[in-house]
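In the block that follows, a single chain appears as structure tokens, in the form predicted alone.
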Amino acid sequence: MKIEFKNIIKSFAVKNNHDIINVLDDISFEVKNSEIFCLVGPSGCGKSTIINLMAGFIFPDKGEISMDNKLVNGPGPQRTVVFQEHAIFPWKTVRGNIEFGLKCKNLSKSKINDEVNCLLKKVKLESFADRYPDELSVGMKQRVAMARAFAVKSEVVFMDEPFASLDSQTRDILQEELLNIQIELKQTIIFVTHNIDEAIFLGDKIAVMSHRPAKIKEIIQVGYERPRSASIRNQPYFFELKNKIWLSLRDEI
């Protein structure tokens, strides 16, 4: 799904007084079908606001957001969000969480079971299918959240720092799993992160944002083809991109 973010301005009123916080200042960008588009920027610059706008949870003061030339005017089934906090149902098992969205699609029980088993294998949770969230590690919970988001095969997946709370080893593994799933399902992904390495490893394009009220400082074409292996993290070009993005961000922090 192609996404267009056109001249977006967004502000918020501060509770209990008359102050206005200007968050986004005339932001525009375009995401092509099946791209992974990463957003990096200083804390509080409006990255999550962009996710919420594209998901249809909030609306811009000015500008237009469209997906395949249709204006976004609210949440829709073709869009799924994965938040930093895994937000899985504590009263459902791993299998129950993953199959939740599939049950709304009028699929047969056997088809749902096949889809869930496939995703359990992809995120390496087959042996934990009947466990409840309080029996899982933080990394496992985020695997469940990711599998649940991809289960419904929506056209766009918004991911708001989904790996931020994970240790570096688990984070690297989940990044690779995310790329493998995206290659198979060919979904468009908008990915918010503070981690420059993560943005380069995952992204086809990286939008570098300024401090608030945010503008897009530059959009960087990563240049790596998919599939990608962990070895690109050690390539000189990877370090060049990392340094370029860091220099662009440094003055904004």
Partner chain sequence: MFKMLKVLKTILPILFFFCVWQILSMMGILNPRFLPPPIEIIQKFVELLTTDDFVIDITQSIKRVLIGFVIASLFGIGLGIFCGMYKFIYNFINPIVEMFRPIPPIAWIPLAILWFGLGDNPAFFLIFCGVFFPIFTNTYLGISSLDEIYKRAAWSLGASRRLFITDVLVPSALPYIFAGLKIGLGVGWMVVIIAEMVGAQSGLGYMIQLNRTILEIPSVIVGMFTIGCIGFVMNKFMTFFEHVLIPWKYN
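Residue numbers count along the first chain shown, from 1. This is a predicted model, so every value here is computed, not measured.
One more form of this protein, predicted in complex with the partner chain, exists but is not displayed; see below.
**Q** Taking 4.5 Å between heavy atoms as the contact cutoff, choose which of Ser66, Ser28, Asn52, Asn33 touches the partner chain in the model of the complex.
**A** Result of the distance check: Asn52.
**Q** Sort through 107 to 115, 164 to 172, 177 to 185, 131 to 139 and report the only stretch with a non-hydrogen atom within 4.5 Å of the partner chain in the model of the complex.
**A** The contacting stretch is 131 to 139.
**Q** Answer for Ala149 alone: is it within 4.5 Å of the partner chain in the model of the complex, judged on heavy atom distances?
**A** Close contact exists here: in the model of the complex, Ala149 approaches the partner chain to within 4.5 Å, heavy atoms only.
**Q** Taking any heavy atom pair closer than or equal to 4.5 Å as contact, tell me whether Lys103 reaches the partner chain in the model of the complex.
**A** Heavy-atom contact with the partner chain at 4.5 Å: present for Lys103.
**Q** With the partner left out of view, is Lys92 within 4.5 angstroms of the partner chain in the model of the complex by any non-hydrogen atom?
**A** Contact with the partner chain, yes.
**Q** State yes or no: in the model of the complex, is some non-hydrogen atom of Lys122 no more than 4.5 angstroms from a non-hydrogen atom of the partner chain?
**A** Contact with the partner chain, no.
**Q** Even though the chain is shown alone, can you say which residues of 51 to 83 have a heavy atom within 4.5 Å of the partner chain in the model of the complex?
**A** Asn52, Phe57, Ile58, Pro75, Gly76, Pro77, Arg79, Thr80, Val81, Phe83 sit within 4.5 Å of the partner.
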